[in-house]
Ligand code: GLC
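A single chain, nothing else alongside it, follows as structure tokens in the form predicted alone.
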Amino acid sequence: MKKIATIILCAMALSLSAQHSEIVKVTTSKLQWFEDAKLGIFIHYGIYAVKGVSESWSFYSGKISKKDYFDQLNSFTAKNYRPDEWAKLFKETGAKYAVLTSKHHDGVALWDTKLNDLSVVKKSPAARDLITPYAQALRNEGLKVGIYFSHLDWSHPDYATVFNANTKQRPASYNIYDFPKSGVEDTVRWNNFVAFRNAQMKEIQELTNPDLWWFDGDWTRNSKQWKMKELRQEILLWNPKTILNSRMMGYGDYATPEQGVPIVGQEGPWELCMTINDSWGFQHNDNNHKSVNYIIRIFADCISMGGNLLLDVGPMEDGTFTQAQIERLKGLGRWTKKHAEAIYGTTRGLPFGHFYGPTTLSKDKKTIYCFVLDIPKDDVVIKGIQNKIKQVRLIGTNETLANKRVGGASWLNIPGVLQVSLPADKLDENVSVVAIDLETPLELYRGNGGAIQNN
């Protein structure tokens, strides 16, 4: 998505990264479903799937002419687009929500916008609204509805009419799709564009009433120019329960890291968006798919640190997924179904150092879930548990696991290390999960040890 093509845009994106991390404080109840969801599916669907080029960025950066890019409209059919099948597949993965690109930076709408004629409804053989049936299909399967929407629009005649107010002067280099070529600003036209953006969002709101707005493309202007504060207020007037991602210049509800897995999870709610191969939308030559095992490991990392995974797929232009994508979604679904207890209804896990791998905790803190990423050469070790152990189980089986305490110093209240034996023939083909049931809510030893004074 953000393959910034010019130095100036890279600098601007970096300068705004701190603002992206600013999250509006919201009530826990509003975000509860999101924090409990753990897994979502991202769908980049648009005309870019016809030629299999990068969504919007390919014409922006000159890899394809603007004419050739928009000529893809003539071959975008969506002839096999069946959102009910999408929803069933997403539910099978264990996802609790999905996010569809209603409009990317190219400005092509997937619904019948009345504000211009740049839509797949008016300009392509698809000739129909694609987002309303998507939203209905998700809700039929009990999934929450997310809508991706780009603030910027490289096709709108009033978009490239002002510079970023934070730059203070005209940048030495810039792309004509973002800023006025003449160097002369026209704030009246810019305000017209912001009104256009808001009006398109109102159309989507009336069609789908999203549970979540997933914004993108905010980095080219500052929050006052975008009128982000006012936009947030307007959205919450439409639906006060709607959740907004962080690409609102400080007016979002949760953080949105992209592609790179955090080393330490943020304190508040967050979500990693990650592609299933190397591309957001469908690209014919991208066969560098992540393995099911890798995806599961990343997912385990996310929920261990209190976040969600938003796993991206790119349908082909006809509306179907490749077999490689389907296999990975189903493989993930096999694993989430088997290990649901360790995923849903849990919170972020143990601090680093207690277990060599991801962990989660039951909400009552009476069960620790340890994700065993590889075949262990010896017993699995968990350190620092002060509580009495009721039992240790292997999730997805009926196995109760042998365990013992080793070492410790009771006179200093230092617990022994818990060692758990895993049966090699019962391990999961991807990632196994050990559940440690405690007599009382978790108490951890976090000290530095001490000297033995008596033997």
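We number the residues from 1 along the sequence you see. If you're wondering where the values come from, they're calculated on a predicted model, not measured in any experiment.
Keep in mind that the form predicted together with this ligand is missing from the display, and what follows is about it.
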Among 389 to 397, 405 to 413, 39 to 47, 59 to 67, the stretch whose residues bring a heavy atom within 4.5 Å of this ligand in the predicted complex is 39 to 47
Within 4.5 Å, heavy atoms only, which of Trp190, Phe179, Phe321, Trp219 is in contact with this ligand in the predicted complex? Trp219
Students should find that, of Arg247, His151, His339, His354, the residue having a non-hydrogen atom no more than 4.5 angstroms from this ligand in the predicted complex is Arg247
Taking the shortest heavy atom distance, is Glu92 within 4.5 Å of this ligand in the predicted complex? no
Does this ligand come within 4.5 Å of any heavy atom of Glu203 in the predicted complex? no
Proximity of Trp214 to this ligand in the predicted complex, heavy atoms at 4.5 Å: yes
Is Trp280 a contact residue for this ligand in the predicted complex, using a 4.5 Å heavy atom cut-off? yes
Though the partner is not shown here, which residues of 74 to 105 have a heavy atom within 4.5 Å of this ligand in the predicted complex? His104, His105
